[in-house]
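Given next, in structure tokens, is a single chain: the form predicted alone.
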Amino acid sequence: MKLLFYYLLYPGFVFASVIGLLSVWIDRKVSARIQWRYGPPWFQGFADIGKLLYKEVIIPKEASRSGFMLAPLFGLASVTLGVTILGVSSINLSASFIGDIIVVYYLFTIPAIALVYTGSTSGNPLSSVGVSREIKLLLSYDLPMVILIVMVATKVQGFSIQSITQFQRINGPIILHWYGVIGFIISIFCIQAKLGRVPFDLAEAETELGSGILMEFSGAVLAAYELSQAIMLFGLPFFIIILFWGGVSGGIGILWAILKYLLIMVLLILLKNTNPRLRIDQAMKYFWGWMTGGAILAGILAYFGV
């Protein structure tokens, strides 16, 4: 019963969905003001999900009906589980387990895999182009991010949220060191790509592919995808806060964590509104070149304690 409460209410599905959709509103509102527009009301994200759930799901003739419907739901369940593990382990460090930081990261990867599966079964040629781009982008940003996770785990001598949080409570946040600063900056770019936001919105590319990989999505299938993205917009900055910025503690620490989250949101919004979309070859060279090189440099600096 307690596990069901965690998964469904706090810090699970309901809590993460509400915070995620409010974060989407902040993103859209600030982006609109930057572009001298008014922007949507605070409840727009909730209204969009409700509208999509009401609409009919149109399944392409070539697609497997069960796979087309279930894959996005599987992705939604995985990100909910990832956020739940992050939240429970932050609230109660004794609930953390060895390797949970790796488990959470790859739970956040499952929506991309589900998206690839659903898009590839649609039979639409533009969706196929989007699928190809999504796979290449996934392989690109995963490399530097995994290097950073291994760097932090090696530094704290443990692959668990408990080890990472306790190390930073004793020795101070990792971001106070040069290797932490470099790792934090690289992780911002990686989660921007993981969320499929500009300049890494290659799989959708509305001006080129007309929504690309999402072209055949409709109704509840599209709602599940949009809700997964909203939950990840909450979960991934939370993940970075735990990894580099001391995690979350009780009392005034919760307020401090909110401020950290808002700062990361500001960085993601600025990145989105100040850069043009990259080509897929540019994105791959960027992550396999500069980002991977920076992650390796951060690892070397961590080894020497700089």
Partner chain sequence: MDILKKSFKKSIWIFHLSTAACNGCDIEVLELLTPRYDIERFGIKLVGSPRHADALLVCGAINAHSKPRLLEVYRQVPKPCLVVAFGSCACSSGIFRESYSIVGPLDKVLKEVDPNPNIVYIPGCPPKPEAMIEGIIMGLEAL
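Keep in mind it's a predicted model, so treat the numbers as computed, not measured. Residue numbers count along the first chain shown, from 1.
This next part talks about the form predicted in complex with its partner chain, which is not shown.
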Interface stretch in the model of the complex with its partner chain - options 259-267, 276-284, 238-246, 49-57, non-hydrogen atom within 4.5 Å: 49-57
Please determine whether Pro40 contacts its partner chain in the model of the complex, using a 4.5 Å cut-off between heavy atoms. yes
Closest heavy atom of Ser211 to its partner chain in the model of the complex, within 4.5 Å or not? yes
At the 4.5 Å heavy atom threshold, is Glu216 in contact with its partner chain in the model of the complex? yes
Contact of Ser66 with its partner chain in the model of the complex (heavy atom, 4.5 Å): no
Single option in Ile182, Ile110, Ala153, Leu222 placed near its partner chain in the model of the complex, where near means a heavy atom within 4.5 Å: Leu222
So which residues in 192-208, when you check its partner chain in the model of the complex, have a heavy atom no farther than 4.5 Å from it? Glu206
